[in-house]
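Listed next as structure tokens: two forms of one protein chain, kept apart as structure 1 and structure 2.
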Structure 1
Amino acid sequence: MEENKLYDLIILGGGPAGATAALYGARAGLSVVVIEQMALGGEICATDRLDNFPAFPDGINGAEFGMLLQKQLENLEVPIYFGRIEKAMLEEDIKSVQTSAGEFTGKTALIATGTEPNLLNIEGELSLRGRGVSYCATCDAAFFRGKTIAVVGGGDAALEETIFLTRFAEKIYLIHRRDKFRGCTWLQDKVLNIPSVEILWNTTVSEIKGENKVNGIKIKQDGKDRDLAIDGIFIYAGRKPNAAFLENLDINCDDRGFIITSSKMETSVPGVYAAGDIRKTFLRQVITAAADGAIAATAVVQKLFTY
């Protein structure tokens, strides 16, 4: 790490939003640094195949997509550091971020750390993630064409995604721990009238089974254990922003903790921007995250280079 370097832009998160912001920022002449905890590409790296991003007619493996992002930033000589964000002090004119990879300072900062799904915390969930365990129907539905799958949840997201998944799956078990849905009435009515959807009320999933991919689940229905043979499971227990490091920052968020921004991705804190899934937004997809990143970096260029 270059000691005592003051960057124009510190980017927290190396997913599609952060990587695109780095790309646009570097090409515009900003000094940029990217800090990522896991791998470039973020959560998409756990997806077996990305099929809904332009210019990949045959799709692309999520990990490969992440490696291409990293290669593109390396070609632009953008420094990338892998480490955990420990503390972010972003309210002063000079932003400071302490990480397990060192301390970084900058004139502006972009928060692009994304979200994480609320887990069921059951056996097999993590080990089979990306191999039949999914949290995004839009991302992965096409892999289950003609298959039998399960959807877990009872809110709007679970109902909406169940409707979407009927375009692909032959049979869907909709598993809900209560005896009625929490989602809006019109979604409930639609789901209740789909022949290929079997609703399992008062049911929880206790285990996800499989070696290299999901082949079944163990459920508890009305207090009784039962096994179901399935090819995949979509879990909608909600999502939360990856924002624990912001707990001491006075930044405007919605009631779920997602950051509120302007159309230029500006937050309520001067010089701090947010992009991608961590912000309050209508759609959370790779392409929209990338667009957010491009807008945020361009806004930073305008802020720093406009005299």
Structure 2
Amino acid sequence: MEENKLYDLIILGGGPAGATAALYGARAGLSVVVIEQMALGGEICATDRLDNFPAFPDGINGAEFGMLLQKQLENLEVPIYFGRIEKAMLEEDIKSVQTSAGEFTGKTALIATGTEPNLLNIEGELSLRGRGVSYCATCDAAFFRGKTIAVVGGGDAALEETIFLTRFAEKIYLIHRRDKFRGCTWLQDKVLNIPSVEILWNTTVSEIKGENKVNGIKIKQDGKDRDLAIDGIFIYAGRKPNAAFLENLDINCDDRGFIITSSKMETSVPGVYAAGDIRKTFLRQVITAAADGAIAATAVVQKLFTY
């Protein structure tokens, strides 16, 4: 790590938004640094197949996509640090970010840290997390080969991961609190036609049961309580901004905490940009995150360089 280096742009998060910002920034001559908590590619690395990114007619595995992103940044000699962001001081002209991988300073900063799963906040959810309660099918599906499981949610993630989980589980209860899915039609059509998936409409989960591992759930269906024997539960109840490190920053957000930006990805804090899923936006996809990142880096180039 270069001591006391003042970067043009510190990029918080190495998902498609942050990585694309690094790509565009580096190619335009900015000195950029990427700080990523897990793996380049971020959340997409936990997706079995990315099926809707242009130019991949057969889709691409999420982890492979992440590795390609990393290779592309390495080819450009972009420094990438893996660590947890502890504190971000972004109000001043010089931005400073403290992480478990060291402290970074920059003239501008891009917040591209994405989202994290919402909890159901029910009994047993936290105590049995990792022991049958999961938020990541790609990570944990193999533990449920031949088993009976539940998936909660009705959005794209719940539908997509249910389809993936059918490769492992013998039986899946897909539990949705309403009588219509929120996810896109083509995923709905697929899920509705899988014999091993039983859809429980108008149903909520009120408790996850088990001593050392999940062995059942209590559900409420059309107002009636019922117990269901299952071996595991995958929760896809939407996502919230991954922004705990911004706690003390006075930055404009919507009522759910998603950061409001201009069309150039500028936030309400001068020199601070946001891109990808953490932004208040109409569509949260890899392609839109990448586009946000490209725009943000180009806006930084415009701000710092005079042609």
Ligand code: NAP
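Just so we're on the same page, rigid core means the largest C-alpha set that superposes within 1.5 Å between forms. Residue numbering: sequential along structure 1, first residue numbered 1. Computed from a predicted structure; not experimentally measured.
Problem set entry | Displayed copy of the chain that is the form predicted on its own | Of the two, structure 1 is the form predicted on its own.
Exercise. Considering the two rigid parts between structures 1 and 2, is V197 grouped with A141?
Worked result: For A141 and V197, the answer is yes, because the two are assigned to one rigid part.
Problem set entry | Swing of the smaller rigid portion against the larger one between structures 1 and 2, to the nearest whole degree | Domain rotation angle between structures 1 and 2: 54 degrees.
Problem set entry | Core-referenced Cα shift (Å), T204, between structures 1 and 2 | C-alpha shift for T204: 4.0 Å.
Problem set entry | Cα displacement of K224 between structures 1 and 2, once the rigid core is superposed (Å) | Reported C-alpha shift between structures 1 and 2: 8.7 Å at K224.
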